[in-house]
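To begin, one chain is listed below as structure tokens, in the form predicted alone.
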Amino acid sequence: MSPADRGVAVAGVGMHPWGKWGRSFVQYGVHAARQALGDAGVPWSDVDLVVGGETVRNGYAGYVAGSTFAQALGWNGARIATSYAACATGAQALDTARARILAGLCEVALVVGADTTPKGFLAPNAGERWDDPDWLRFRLVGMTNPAYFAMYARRRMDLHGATPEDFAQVKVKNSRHGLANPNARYRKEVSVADVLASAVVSDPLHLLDICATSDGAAAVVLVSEDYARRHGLGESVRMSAVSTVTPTFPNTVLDMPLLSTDASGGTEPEHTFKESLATAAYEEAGLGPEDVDVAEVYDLSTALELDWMEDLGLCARGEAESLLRAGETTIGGRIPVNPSGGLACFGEAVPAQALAQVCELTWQLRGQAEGRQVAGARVGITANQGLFGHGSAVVLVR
């Protein structure tokens, strides 16, 4: 029996709204955790595993987030773990919890990610580290994240004829989706003209093309299907796949924070890194892109959303702009993308973001996404990429 056949139930989800609140990440995480436990109807005493998503900006408590959240909720004897995978941290934490449930080593797992972020661009921690590529890109060439986003956008323009107006239209769509999301930080509709009139941050991307940094938290309660049956949890959403595969050599698409690609020697891998994340998830779930009803993707910039649509196989290479222009990626279209509003409306709270995607898809598949519901959604997929070969795709079904 495959993991997808056995499945793990998503019993409960919860979030602390995104914003700049100026409080401890622990407070945000506890709020989301209690909300998820309440949503599941699962008592804290039943939780036998807590997995925390590490935050590197909040001192030692952030480095041992699993312990931090378990203590804040009140020690109950549960096992603990802490995961870090940059922007894919939340998905890796989910993978840890899901694997233990499938192995029969626990029945109820609570996964929590929360962050408190500084103002402005994310940057490496203080100190000189000449063997750290993330530190070197800032020290040697001043490469902040938006500079990479702009290179990806320019590549899309060169290869597929994308325009700044296309990128702006992604923001317009997502801002409309986020209006009805009570957890979103930015709940204001914008126009193409608004986006193009905002300051250029890194050509061709404007300020409104790029996500902010935010405080926020998300939590997910996973349970074994046996536990779900015994406790009458009903027809739960199932987590059918979690993909956290790494790139295949040679990696010929530049990945942040690196300053070069691998030398290909004329050989290309069968799939790009981001394509391989989706391929592995589909294979594990026994599904394909044609089965997907809704997607939550990591739109660090507007242009990246278009790339993700193709990486997930939701359309062929070079066709994302056509789907966008035809309204197929908005709610009511053929394949809605980021009905939550995405990072465009949330900003980035690194260890929470992949968990927030799962929260949104859970609400969508339950039919509980009030004001932004994708009608009849039964299969959803997330997509996420972090630094240093980290990435994720999660498939949920109902």
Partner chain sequence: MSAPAIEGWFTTGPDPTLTGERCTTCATVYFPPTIAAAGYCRHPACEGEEFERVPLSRRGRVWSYTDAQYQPPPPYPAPDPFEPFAIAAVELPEGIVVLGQVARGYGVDDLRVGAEAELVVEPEAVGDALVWKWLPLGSGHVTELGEEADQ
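Please read all numbers here as calculations on a predicted model, not as lab measurements. Residue numbers count along the first chain shown, from 1.
The same protein also exists as the form predicted in complex with its partner chain; that form is not shown, yet it is the one meant from here on.
- Three-residue candidate spot 135, 150 and 261; every residue lies within 4.5 angstroms of its partner chain in the predicted bound form by at least one non-hydrogen atom.
- Residue 202 belongs to the set of residues with a heavy atom inside 4.5 Å of its partner chain in the predicted bound form.
- Contact annotation for residue 180: none of its heavy atoms lies within 4.5 Å of its partner chain in the predicted bound form.
- For residue 249, a non-hydrogen atom is located within 4.5 Å of its partner chain in the predicted bound form, even though that partner is not displayed.
- In the predicted bound form, no heavy atom of residue 118 sits within 4.5 Å of its partner chain.
- Of the candidate stretches 309-317, 271-279, 141-149, 169-177, only 141-149 has residues with heavy atoms within 4.5 Å of its partner chain in the predicted bound form.
- Between its partner chain and the residues 325, 155, 187, 229, the one pair within 4.5 Å by heavy atoms in the predicted bound form involves 155.
- Interface residue among 99, 245, 207, 81, judged by heavy atoms within 4.5 Å of its partner chain in the predicted bound form: 207.
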